[in-house]
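This document opens with one chain alone, in structure tokens, the form predicted on its own.
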Amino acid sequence: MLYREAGQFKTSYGADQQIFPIRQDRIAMAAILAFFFVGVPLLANQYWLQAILVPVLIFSLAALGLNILTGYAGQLSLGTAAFMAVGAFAAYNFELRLPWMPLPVSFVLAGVVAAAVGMLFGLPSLRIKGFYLAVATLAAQFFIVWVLTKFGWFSNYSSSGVITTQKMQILGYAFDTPVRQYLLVLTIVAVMAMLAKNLVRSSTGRAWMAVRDMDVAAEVIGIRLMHTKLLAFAVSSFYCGVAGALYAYAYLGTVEPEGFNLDMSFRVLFMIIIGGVGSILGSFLGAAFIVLAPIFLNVTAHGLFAGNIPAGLASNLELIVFGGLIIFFLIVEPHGLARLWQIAKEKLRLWPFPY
């Protein structure tokens, strides 16, 4: 009885098509945002803010970008980390070469540069698909990292290729504490998540899903494949580019091209597989699982064995258990953690009646 549409009448198309048409969803979302914007800064310590919550939010944004491309448009990609690297180094160079430019503008332009690079490497999608496309985007992963390492201009001719980001300031307000950095990242991620939610519900999102389900039929009904696929690559890379800029500025502060390696691309891919392919919520759930599960296993292992096992063995056991958990979740619910939440909502709609 707590989660039903009964009695909630819509009197306009706008009200019927809003993001959260059910009142309970709007209340729940407002409560969640209030908790993360107000409650978390008051309750969380520096470790939780800097080492856990900020990376979870940043990887959620990167996973959201990949989910737009793979989950909604059906285009496989293994170059997510490379597009994040483009965003990180582009934001750094915009702030370095144009110091008068506001930081949010640098982040947006970094996303635009990443979108342009993403469209360039998305051109093979016009001819190939599936695993062949994944291999083509894998070339972007190695090529972009090589370019950022080979040409010193991108790192301001640093001998090691490492860049140290500038201090974050917006309108004279410095984001130099964990709470401020967390709130900045949370604001950007929340806004971009809402934009993505609206985008996938629009005609553009429906075109992406039509191409994903059957591109030949989509072309027959008038959907332009080149325009649709390249737009998906552009939007996805834009999100990854902004995530890379936040990763460099709000999380690490010092990054190198090799830090955006293939392992990171696979981590983001695992996030959307575990969280739920083609789901905005799944991007957040998958990122939280991938980031928090190893930390939980590490704490549990040290608590159970009280440091009596070698560090190398403990690390390998954590990897084994972590991989086993991934396999377990994929077997139990192949559609991801977001599907579990969807099932729970469906059961709430029928409760307390049998189903």
Partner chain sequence: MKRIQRSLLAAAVMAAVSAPAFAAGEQYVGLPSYRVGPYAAGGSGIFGGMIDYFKLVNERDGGVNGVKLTWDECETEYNNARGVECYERQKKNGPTGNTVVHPLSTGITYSLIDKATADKIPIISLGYGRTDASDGRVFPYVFPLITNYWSQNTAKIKFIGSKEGGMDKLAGKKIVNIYHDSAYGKETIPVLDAQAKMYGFSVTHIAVAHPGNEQQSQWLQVRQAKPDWVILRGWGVMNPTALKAAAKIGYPRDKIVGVWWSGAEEDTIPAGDAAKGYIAAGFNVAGANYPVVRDIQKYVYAKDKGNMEDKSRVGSIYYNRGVVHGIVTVEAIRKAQEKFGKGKPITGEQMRWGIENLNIDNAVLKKLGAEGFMPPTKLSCANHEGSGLVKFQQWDGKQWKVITDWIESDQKLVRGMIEESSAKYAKEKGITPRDCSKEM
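Positions refer to the first chain, counted from 1. Given the structure is predicted, the values throughout are model-derived calculations rather than measurements.
Not on display, but discussed next: the form predicted in complex with the partner chain.
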Taking the partner chain as it sits in the predicted bound form, is Ser159 near enough to touch it, meaning that at least one heavy atom pair lies within 4.5 angstroms?
yes
Do Leu304 and the partner chain come within 4.5 Å of each other in the predicted bound form, heavy atoms counted?
yes
Non-hydrogen atom contact Thr254 with the partner chain in the predicted bound form at 4.5 angstroms:
yes
Is Leu42 part of the interface with the partner chain in the predicted bound form - any heavy atom within 4.5 Å?
no
Assess the spot marked by Ile19, Phe94 and Arg201: is the partner chain within 4.5 Å of a heavy atom from every one of these residues in the predicted bound form?
no
Tell me which stretch of 190-198, 243-251, 221-229, 80-88 has a heavy atom within 4.5 angstroms of the partner chain in the predicted bound form.
243-251
Partner contacts for 15-47, taking the partner chain in the predicted bound form and a 4.5 Å heavy atom cut-off
Gln46, Tyr47
